[in-house]
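What follows is a single chain, given as structure tokens, in the form predicted alone.
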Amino acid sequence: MLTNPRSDRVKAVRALSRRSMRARTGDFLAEGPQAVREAVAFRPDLVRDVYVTPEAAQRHADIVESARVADLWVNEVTPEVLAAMCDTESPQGIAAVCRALDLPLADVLADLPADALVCVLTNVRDPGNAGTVIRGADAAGADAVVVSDASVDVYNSKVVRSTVGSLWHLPISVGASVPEILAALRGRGVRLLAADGAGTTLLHDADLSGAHAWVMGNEAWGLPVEVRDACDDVVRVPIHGHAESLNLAMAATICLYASAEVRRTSR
């Protein structure tokens, strides 16, 4: 059992809270039972080490057993050690060091089906929003999520927690510029739908057939004019009450589910 919160290993894991260290090592920390469960179940090849307190090992015996069956390193640690490793104030007793899972943009687009549904995050800076959009894309059955170089790091601990495990469920590409992303999607025959409050097309009137990508903008200022102009249509979610606007993650999920429903009925 690891008992020293000041050991080199603990310091190395804690250092993954810094983006520079994640970029240098190619590793990140997944905290909490849901994130670790999904990583072990869906991408055990990317899990380097699992750290768990004795109490959590009993409470989440299924995760520990799955990790051992997958021949992963499972390390028991004291609560103090786990707290020193994690970014959250109250860790849930289990965490895992994982390798980055993103794919090159070309690889993601090469495997898209004919009726592909893609979600593009252009300048999304809020970790909670980014993680929740990835979770919504997963739930709606999207084929990929593409995150631009101007957006938050998807391996930020808050993003990872907000995905609630969806990070390991669908292909994700990060790091390309917005113009590069839009050009690559268009080159694959994917129509570009800008989701923006300035849109003249209402969601229920939008053409959601065939391969298309929802292009999502920044939480505060939405999509810049040049991005909207580069898309095939600019679509807005109608607001029937008195709310000024919708949260980015809410709007993204509504748009993705509208597309999922059209795809479901056309297959």
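Numbering starts at 1 and runs along the sequence shown. Here the structure is a predicted model, which is why all the values come from computation and not from measurement.
Unshown form predicted together with a further copy of the same chain; subsequent notes refer to it.
In the predicted complex, no heavy atom of L105 sits within 4.5 Å of a further copy of the same chain. Contact between G197 and a further copy of the same chain in the predicted complex is not found at the 4.5 Å heavy atom cutoff.
Remark: D8 does not count among the residues lining a further copy of the same chain in the predicted complex, judged by a heavy atom distance of 4.5 Å or less. Proximity of Q34 to a further copy of the same chain in the predicted complex falls within the 4.5 Å heavy atom cutoff. Judged by heavy atoms within 4.5 Å of a further copy of the same chain in the predicted complex, the contact stretch among the candidates 129-137, 88-96, 71-79, 181-189 is 129-137. Of all the residues from 190-222, the single one having a non-hydrogen atom no more than 4.5 Å from a further copy of the same chain in the predicted complex is H204.
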